[in-house]
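As a starting point, one isolated chain is supplied in C-alpha cells, in the form predicted on its own.
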Amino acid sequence: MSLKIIICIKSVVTSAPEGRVVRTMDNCILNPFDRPAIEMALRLRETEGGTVTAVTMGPETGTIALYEALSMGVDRAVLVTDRAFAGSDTLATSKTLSAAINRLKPFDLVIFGARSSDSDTGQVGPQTAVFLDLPVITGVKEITRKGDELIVERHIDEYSEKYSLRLPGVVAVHPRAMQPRDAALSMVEKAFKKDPIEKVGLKDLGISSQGLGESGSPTRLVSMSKIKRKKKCEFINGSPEEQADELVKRIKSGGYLS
C-alpha cells in the first residue's frame, strides 16, 4: 500500500529583526530544519510509493519554501494564506494547519521538521498532532514500513528508541536524520512549470476565525534584540615565531601566566 504524505514546512527570515517581523522575498528562505524532513518524505515515497504534498502557512513569501520543496521533488504544493492568520503564535498556527491538513484527507503520515530557525520552539508539530487527534513521535531518525504500521527510530539525549506507529500519524524529524538532496537545475525548471501553487484561505478551510491569528494567540512576542557579545576575536600578525612571542607576552600581561 502506497503512502499519502503531507510535509509541513516554513519560510523563515534570514536575520533577526529589530522589532516586528516583516517577511519579504529578499529576507526569507526555506527553514533549514525542514530540509531533512522533506528528504525523509521523498525517500519514503521512493521505497513505498505514493505522493508527497508540501504545505506552508503564511503570506506570499511562503511560496519561496514551496518552490524549493517542489524543486527537491514533492508532488504538490499548498499555501495556506489569509489576513486572518496574520500574527499567529504556535497555537493559532497549529489550529490553522490542522484544518488545512484535514482538508487534504485522506492521508497516512504528516511530517514536520524539528523546529524553525527563526523561532526555535519545536511546538507546532506536536500541537498540530493534538488538534488532529493523532499520535506523534519527535526526534525521528529513521522510518521503515512494516505492514500497516511504521517502525520509527527516535534519538533523544543519549538514547535510541524504536516505536511502532499506527497510521495515520505525525512525526517530527531529527535535524541530523539524513543529508537532504540538492535540487538539480532541471528540477528547479520543472518546479516552476508545474501547476500553480494552490492557495487556501479561511473560507476554504470552513472554520471560524475565532482562535486564529494575532487575536487568537495566547502568546505574543513582546520584544526582540540582539545579544551583545563581550568576547571578541583578534588576529595576531607576523611570522609563527613573532605570533608565539606576542601571544606569550599578552598572556603574561593579562596575569594568566607568571
Partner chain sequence: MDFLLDEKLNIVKRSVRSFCEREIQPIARDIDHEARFPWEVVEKMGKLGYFGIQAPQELGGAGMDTVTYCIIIEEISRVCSGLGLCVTVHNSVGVYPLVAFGNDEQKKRWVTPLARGEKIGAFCLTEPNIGSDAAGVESTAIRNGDHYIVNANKVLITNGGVADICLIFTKTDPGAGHKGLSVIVVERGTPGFEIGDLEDLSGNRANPVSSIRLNDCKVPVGNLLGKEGMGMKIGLAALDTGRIGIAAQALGIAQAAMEEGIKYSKERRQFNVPICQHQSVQNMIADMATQVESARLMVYRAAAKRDRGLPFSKESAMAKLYASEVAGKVTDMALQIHGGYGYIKTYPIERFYRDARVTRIYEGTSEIHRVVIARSILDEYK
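No experiment lies behind these values; they were computed from the predicted model shown. Positions refer to the first chain, counted from 1.
Keep in mind that the form predicted in complex with the partner chain is not shown, yet the notes after this line are about it.
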item: Position in contact with the partner chain when the complex is considered in the model of the complex, options 144, 121, 164, 179, heavy atoms within 4.5 Å; value: 179
item: The partner chain: the contacting residue among 134, 151, 104, 188 in the model of the complex [heavy atom, 4.5 Å]; value: 188
item: Option from 227-235, 49-57, 36-44, 190-198 whose residues, in the model of the complex, bring a heavy atom within 4.5 Å of the partner chain; value: 190-198
item: Non-hydrogen atom within 4.5 Å of the partner chain in the model of the complex for each of 28, 68 and 71; value: yes
item: In the model of the complex, residue 183 touching the partner chain (heavy atom, 4.5 Å); value: yes
item: The partner chain contact at residue 202 in the model of the complex, heavy atom, 4.5 Å; value: no
item: Non-hydrogen atom contact residue 207 with the partner chain in the model of the complex at 4.5 angstroms; value: no
